[in-house]
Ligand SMILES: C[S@@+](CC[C@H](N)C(=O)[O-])C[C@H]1O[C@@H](n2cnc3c(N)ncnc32)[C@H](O)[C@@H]1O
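The form predicted alone is given below as one chain in C-alpha coordinates.
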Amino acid sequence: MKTDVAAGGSANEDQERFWNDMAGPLWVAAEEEIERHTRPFGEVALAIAAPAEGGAVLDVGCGCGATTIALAAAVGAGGTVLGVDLSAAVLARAEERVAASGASQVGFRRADAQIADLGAGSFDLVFSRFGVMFFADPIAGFANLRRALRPDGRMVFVCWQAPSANPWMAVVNRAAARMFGLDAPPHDAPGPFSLADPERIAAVLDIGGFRSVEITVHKERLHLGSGQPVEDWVHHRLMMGPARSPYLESQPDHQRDVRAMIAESLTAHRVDVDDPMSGLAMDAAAWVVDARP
(Lines give C-alpha, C1' and ligand atoms only; values in the text may rest on other atoms or scores of the structure.)
Protein backbone atom coordinates (compact mmCIF):
# COMPACT_ATOMS: atom_id res chain seq x y z
CA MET A 1 0.00 0.00 0.00
CA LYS A 2 1.47 3.33 -1.06
CA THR A 3 0.18 6.87 -1.20
CA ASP A 4 1.11 8.50 -4.50
CA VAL A 5 1.22 12.28 -4.16
CA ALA A 6 0.39 13.41 -7.66
CA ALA A 7 2.53 16.02 -9.33
CA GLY A 8 1.07 18.85 -11.35
CA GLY A 9 -1.20 20.37 -8.73
CA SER A 10 -4.95 20.68 -8.86
CA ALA A 11 -7.50 22.32 -11.13
CA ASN A 12 -9.45 23.11 -7.99
CA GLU A 13 -7.05 25.05 -5.81
CA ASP A 14 -9.68 26.48 -3.45
CA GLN A 15 -11.02 23.03 -2.62
CA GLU A 16 -7.54 21.55 -2.32
CA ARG A 17 -6.54 24.29 0.12
CA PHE A 18 -9.79 23.89 2.08
CA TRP A 19 -9.54 20.11 2.38
CA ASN A 20 -5.87 20.20 3.37
CA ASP A 21 -5.75 23.25 5.62
CA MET A 22 -9.15 23.09 7.27
CA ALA A 23 -11.65 20.36 6.43
CA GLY A 24 -9.35 17.35 6.29
CA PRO A 25 -8.10 17.57 9.89
CA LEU A 26 -11.64 18.38 11.08
CA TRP A 27 -12.95 15.37 9.16
CA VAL A 28 -10.44 13.06 10.82
CA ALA A 29 -11.24 14.43 14.26
CA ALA A 30 -14.98 13.89 13.70
CA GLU A 31 -14.57 10.63 11.77
CA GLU A 32 -16.87 8.55 13.95
CA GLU A 33 -19.71 11.08 13.83
CA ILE A 34 -19.34 11.65 10.08
CA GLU A 35 -19.18 7.95 9.34
CA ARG A 36 -22.34 7.36 11.35
CA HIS A 37 -24.41 9.70 9.19
CA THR A 38 -22.83 8.95 5.80
CA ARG A 39 -22.57 5.15 6.11
CA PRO A 40 -26.25 4.37 5.37
CA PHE A 41 -26.07 6.26 2.07
CA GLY A 42 -22.84 4.53 1.12
CA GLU A 43 -24.29 1.13 1.88
CA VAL A 44 -27.21 1.77 -0.46
CA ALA A 45 -24.84 2.88 -3.22
CA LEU A 46 -22.58 -0.13 -2.63
CA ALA A 47 -25.54 -2.49 -2.98
CA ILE A 48 -26.47 -0.86 -6.29
CA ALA A 49 -22.87 -0.93 -7.52
CA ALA A 50 -22.45 -4.62 -6.60
CA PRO A 51 -18.68 -4.72 -7.23
CA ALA A 52 -17.66 -7.99 -8.87
CA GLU A 53 -15.13 -10.27 -7.25
CA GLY A 54 -11.76 -9.68 -8.86
CA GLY A 55 -12.79 -6.28 -10.21
CA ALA A 56 -10.84 -3.02 -10.33
CA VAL A 57 -12.49 -0.12 -8.48
CA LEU A 58 -11.74 3.59 -8.18
CA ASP A 59 -13.02 5.23 -4.96
CA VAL A 60 -13.29 8.99 -5.59
CA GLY A 61 -13.13 11.22 -2.53
CA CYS A 62 -12.34 8.17 -0.41
CA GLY A 63 -11.96 10.17 2.80
CA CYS A 64 -10.80 8.15 5.79
CA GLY A 65 -11.09 4.88 3.90
CA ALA A 66 -14.33 3.31 5.14
CA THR A 67 -15.75 2.95 1.63
CA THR A 68 -12.38 1.80 0.29
CA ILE A 69 -12.29 -1.04 2.80
CA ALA A 70 -15.88 -2.02 1.98
CA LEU A 71 -15.07 -2.06 -1.73
CA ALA A 72 -11.95 -4.15 -1.07
CA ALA A 73 -14.04 -6.71 0.81
CA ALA A 74 -16.41 -6.90 -2.16
CA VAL A 75 -13.75 -7.44 -4.85
CA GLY A 76 -11.72 -9.80 -2.71
CA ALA A 77 -8.01 -10.54 -2.76
CA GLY A 78 -8.04 -10.90 -6.54
CA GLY A 79 -9.33 -7.38 -7.10
CA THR A 80 -7.88 -3.92 -6.66
CA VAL A 81 -9.17 -0.69 -5.16
CA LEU A 82 -7.58 2.73 -5.61
CA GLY A 83 -8.73 5.46 -3.21
CA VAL A 84 -8.25 9.03 -4.42
CA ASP A 85 -8.64 12.19 -2.35
CA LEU A 86 -7.31 15.76 -2.24
CA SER A 87 -6.67 15.72 1.51
CA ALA A 88 -3.40 14.43 2.93
CA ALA A 89 -4.94 14.26 6.42
CA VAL A 90 -7.79 11.94 5.50
CA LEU A 91 -5.51 9.76 3.37
CA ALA A 92 -3.13 9.31 6.29
CA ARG A 93 -6.05 8.09 8.37
CA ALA A 94 -7.24 5.86 5.49
CA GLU A 95 -3.82 4.24 5.31
CA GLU A 96 -3.99 3.47 9.03
CA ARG A 97 -7.41 1.88 8.67
CA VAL A 98 -6.45 -0.21 5.65
CA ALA A 99 -3.20 -1.37 7.29
CA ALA A 100 -5.21 -2.54 10.30
CA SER A 101 -7.68 -4.34 8.02
CA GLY A 102 -4.95 -6.20 6.14
CA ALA A 103 -6.46 -5.31 2.76
CA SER A 104 -3.31 -5.56 0.62
CA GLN A 105 -5.24 -4.98 -2.63
CA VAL A 106 -5.82 -1.31 -1.71
CA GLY A 107 -3.74 1.69 -2.75
CA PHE A 108 -4.16 5.43 -2.27
CA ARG A 109 -3.29 8.47 -4.31
CA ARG A 110 -3.47 12.11 -3.34
CA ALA A 111 -4.74 13.70 -6.52
CA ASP A 112 -7.45 15.83 -8.10
CA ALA A 113 -9.72 13.28 -9.76
CA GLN A 114 -10.95 16.04 -12.06
CA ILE A 115 -7.63 16.14 -13.97
CA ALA A 116 -5.41 13.29 -12.73
CA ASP A 117 -4.27 10.66 -15.19
CA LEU A 118 -6.06 7.67 -13.67
CA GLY A 119 -5.25 5.34 -16.55
CA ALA A 120 -7.52 5.00 -19.57
CA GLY A 121 -9.89 2.06 -19.27
CA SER A 122 -8.40 0.94 -15.97
CA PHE A 123 -11.50 0.37 -13.83
CA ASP A 124 -14.63 -1.74 -13.86
CA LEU A 125 -16.30 0.57 -11.37
CA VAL A 126 -15.95 4.19 -10.30
CA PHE A 127 -17.54 4.67 -6.87
CA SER A 128 -18.01 7.75 -4.71
CA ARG A 129 -19.81 8.48 -1.47
CA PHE A 130 -20.23 12.27 -1.38
CA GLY A 131 -16.92 12.87 -3.16
CA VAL A 132 -17.89 14.21 -6.59
CA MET A 133 -19.68 17.46 -5.65
CA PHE A 134 -16.48 19.48 -5.35
CA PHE A 135 -15.25 19.64 -8.95
CA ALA A 136 -14.59 23.18 -10.19
CA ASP A 137 -15.53 21.88 -13.65
CA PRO A 138 -17.87 18.89 -13.22
CA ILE A 139 -18.08 18.20 -16.95
CA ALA A 140 -14.30 17.87 -17.15
CA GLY A 141 -14.28 15.87 -13.92
CA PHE A 142 -16.85 13.32 -15.02
CA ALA A 143 -15.30 13.09 -18.48
CA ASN A 144 -12.01 12.21 -16.79
CA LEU A 145 -13.73 9.53 -14.71
CA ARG A 146 -15.37 8.24 -17.88
CA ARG A 147 -11.94 7.85 -19.49
CA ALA A 148 -10.81 5.81 -16.50
CA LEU A 149 -13.66 3.32 -16.99
CA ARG A 150 -13.57 0.25 -19.16
CA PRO A 151 -16.13 0.23 -22.00
CA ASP A 152 -18.48 -2.03 -20.04
CA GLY A 153 -17.82 -0.33 -16.70
CA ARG A 154 -20.14 1.77 -14.59
CA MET A 155 -20.06 4.64 -12.14
CA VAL A 156 -22.14 4.78 -8.95
CA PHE A 157 -22.08 7.77 -6.65
CA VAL A 158 -24.06 9.49 -3.91
CA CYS A 159 -24.58 13.25 -3.71
CA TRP A 160 -26.74 15.46 -1.52
CA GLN A 161 -30.13 16.74 -2.59
CA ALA A 162 -31.13 20.39 -2.15
CA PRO A 163 -30.59 22.24 1.17
CA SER A 164 -34.35 22.16 1.81
CA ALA A 165 -34.14 18.36 1.94
CA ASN A 166 -31.10 18.47 4.23
CA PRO A 167 -31.91 20.66 7.24
CA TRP A 168 -29.04 19.08 9.15
CA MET A 169 -26.75 21.26 7.00
CA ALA A 170 -29.10 24.01 5.87
CA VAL A 171 -30.36 25.21 9.26
CA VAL A 172 -26.89 26.10 10.54
CA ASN A 173 -25.70 27.52 7.20
CA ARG A 174 -28.74 29.75 6.78
CA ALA A 175 -28.66 31.01 10.36
CA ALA A 176 -24.96 31.83 10.06
CA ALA A 177 -25.53 33.57 6.72
CA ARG A 178 -28.11 35.85 8.35
CA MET A 179 -25.87 36.62 11.31
CA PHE A 180 -22.85 37.46 9.18
CA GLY A 181 -24.72 39.06 6.27
CA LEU A 182 -23.59 36.51 3.70
CA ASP A 183 -25.13 35.89 0.30
CA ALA A 184 -25.99 32.33 -0.61
CA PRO A 185 -23.23 30.71 -2.70
CA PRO A 186 -24.07 30.01 -6.36
CA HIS A 187 -26.10 26.82 -6.63
CA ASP A 188 -23.52 25.23 -8.92
CA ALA A 189 -20.43 26.27 -6.93
CA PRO A 190 -18.21 23.40 -5.75
CA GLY A 191 -19.67 22.16 -2.49
CA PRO A 192 -22.16 19.72 -1.00
CA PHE A 193 -25.12 20.98 -3.06
CA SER A 194 -23.51 21.47 -6.47
CA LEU A 195 -25.29 18.36 -7.82
CA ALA A 196 -28.57 18.86 -5.97
CA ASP A 197 -30.51 19.30 -9.22
CA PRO A 198 -31.07 15.90 -10.88
CA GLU A 199 -31.52 17.57 -14.27
CA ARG A 200 -28.06 19.07 -13.92
CA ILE A 201 -26.65 15.67 -12.96
CA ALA A 202 -28.13 14.10 -16.09
CA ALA A 203 -26.91 16.93 -18.34
CA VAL A 204 -23.38 16.96 -16.93
CA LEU A 205 -23.04 13.20 -17.19
CA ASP A 206 -24.37 13.17 -20.75
CA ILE A 207 -21.78 15.72 -21.86
CA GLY A 208 -19.14 13.81 -19.90
CA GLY A 209 -19.80 10.67 -21.94
CA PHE A 210 -22.34 8.70 -19.91
CA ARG A 211 -25.30 7.49 -21.95
CA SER A 212 -27.32 5.53 -19.40
CA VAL A 213 -28.10 7.36 -16.15
CA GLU A 214 -30.46 6.25 -13.39
CA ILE A 215 -31.08 8.54 -10.41
CA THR A 216 -32.88 7.30 -7.31
CA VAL A 217 -33.73 8.88 -3.96
CA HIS A 218 -32.51 7.79 -0.56
CA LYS A 219 -33.56 9.45 2.70
CA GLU A 220 -32.45 8.99 6.28
CA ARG A 221 -33.36 10.38 9.68
CA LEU A 222 -29.99 11.24 11.19
CA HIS A 223 -29.06 11.25 14.88
CA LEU A 224 -26.37 13.91 15.16
CA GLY A 225 -24.10 15.21 17.89
CA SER A 226 -25.01 12.66 20.52
CA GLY A 227 -22.94 12.94 23.70
CA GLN A 228 -21.83 16.52 23.19
CA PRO A 229 -23.35 19.95 23.77
CA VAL A 230 -25.31 21.20 20.78
CA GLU A 231 -23.01 24.25 20.68
CA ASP A 232 -20.06 21.96 19.98
CA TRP A 233 -21.88 20.32 17.08
CA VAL A 234 -22.80 23.76 15.75
CA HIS A 235 -19.14 24.80 15.92
CA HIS A 236 -18.13 21.87 13.72
CA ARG A 237 -20.86 22.69 11.18
CA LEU A 238 -19.77 26.34 11.10
CA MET A 239 -16.17 25.31 10.49
CA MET A 240 -17.22 23.12 7.57
CA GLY A 241 -19.70 25.60 6.10
CA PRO A 242 -19.63 28.81 4.04
CA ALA A 243 -19.59 31.06 7.14
CA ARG A 244 -16.31 29.68 8.50
CA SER A 245 -14.20 32.74 7.54
CA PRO A 246 -16.32 35.44 9.23
CA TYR A 247 -16.91 33.08 12.14
CA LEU A 248 -13.17 32.52 12.64
CA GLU A 249 -12.50 36.24 12.25
CA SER A 250 -14.97 37.09 15.02
CA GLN A 251 -13.99 37.71 18.61
CA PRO A 252 -14.36 34.69 20.93
CA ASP A 253 -17.34 36.28 22.72
CA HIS A 254 -19.15 36.76 19.42
CA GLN A 255 -18.33 33.22 18.32
CA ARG A 256 -19.84 31.94 21.57
CA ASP A 257 -22.99 34.05 21.04
CA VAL A 258 -23.37 32.76 17.48
CA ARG A 259 -23.09 29.15 18.63
CA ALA A 260 -25.59 29.73 21.43
CA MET A 261 -28.15 31.42 19.19
CA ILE A 262 -27.95 28.72 16.54
CA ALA A 263 -28.12 25.98 19.16
CA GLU A 264 -31.26 27.60 20.57
CA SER A 265 -32.83 27.57 17.09
CA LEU A 266 -32.26 23.80 16.98
CA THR A 267 -34.24 23.06 20.15
CA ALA A 268 -37.13 21.54 18.19
CA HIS A 269 -34.73 19.02 16.67
CA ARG A 270 -33.33 17.72 19.97
CA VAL A 271 -33.86 14.05 20.66
CA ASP A 272 -34.64 14.99 24.26
CA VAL A 273 -35.39 18.66 24.89
CA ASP A 274 -34.44 18.29 28.55
CA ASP A 275 -31.08 16.68 27.82
CA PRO A 276 -28.58 19.01 26.06
CA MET A 277 -26.32 16.01 25.34
CA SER A 278 -28.99 13.90 23.64
CA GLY A 279 -28.14 15.07 20.13
CA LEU A 280 -30.35 16.11 17.24
CA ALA A 281 -32.69 14.17 14.99
CA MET A 282 -32.77 15.71 11.51
CA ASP A 283 -33.68 14.67 7.99
CA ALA A 284 -31.20 14.03 5.19
CA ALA A 285 -31.74 13.15 1.53
CA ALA A 286 -29.39 12.18 -1.27
CA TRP A 287 -29.40 11.10 -4.89
CA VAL A 288 -27.90 7.71 -5.76
CA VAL A 289 -26.67 7.84 -9.34
CA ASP A 290 -25.94 4.78 -11.49
CA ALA A 291 -24.29 5.75 -14.80
CA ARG A 292 -22.85 3.78 -17.71
CA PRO A 293 -20.93 4.88 -20.81
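All residue numbers are counted from 1 along the displayed sequence. In this text the structure is predicted, and so the values were computed from the model without any measurement.
Same protein, other form: the form predicted together with this ligand, not shown, and the subject of what follows.
- Shown alone, this chain has one stretch from 215-223, 174-182, 79-87, 148-156 that lies within 4.5 Å of this ligand in the model of the complex by heavy atoms: 79-87.
- At a distance threshold of 4.5 angstroms between non-hydrogen atoms, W233 is out of contact with this ligand in the model of the complex.
- Contact annotation: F135 falls within 4.5 Å of this ligand in the model of the complex, judged by heavy atom distances.
- In the model of the complex, at least one heavy atom of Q114 sits within 4.5 Å of this ligand.
- For the chain shown alone, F210 is not a contact residue for this ligand in the model of the complex, no non-hydrogen atom being within 4.5 angstroms.
- In the model of the complex, this ligand lies within 4.5 angstroms of at least one heavy atom of each of the following residues of 127-148: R129, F130, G131, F134, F135, in sequence order.
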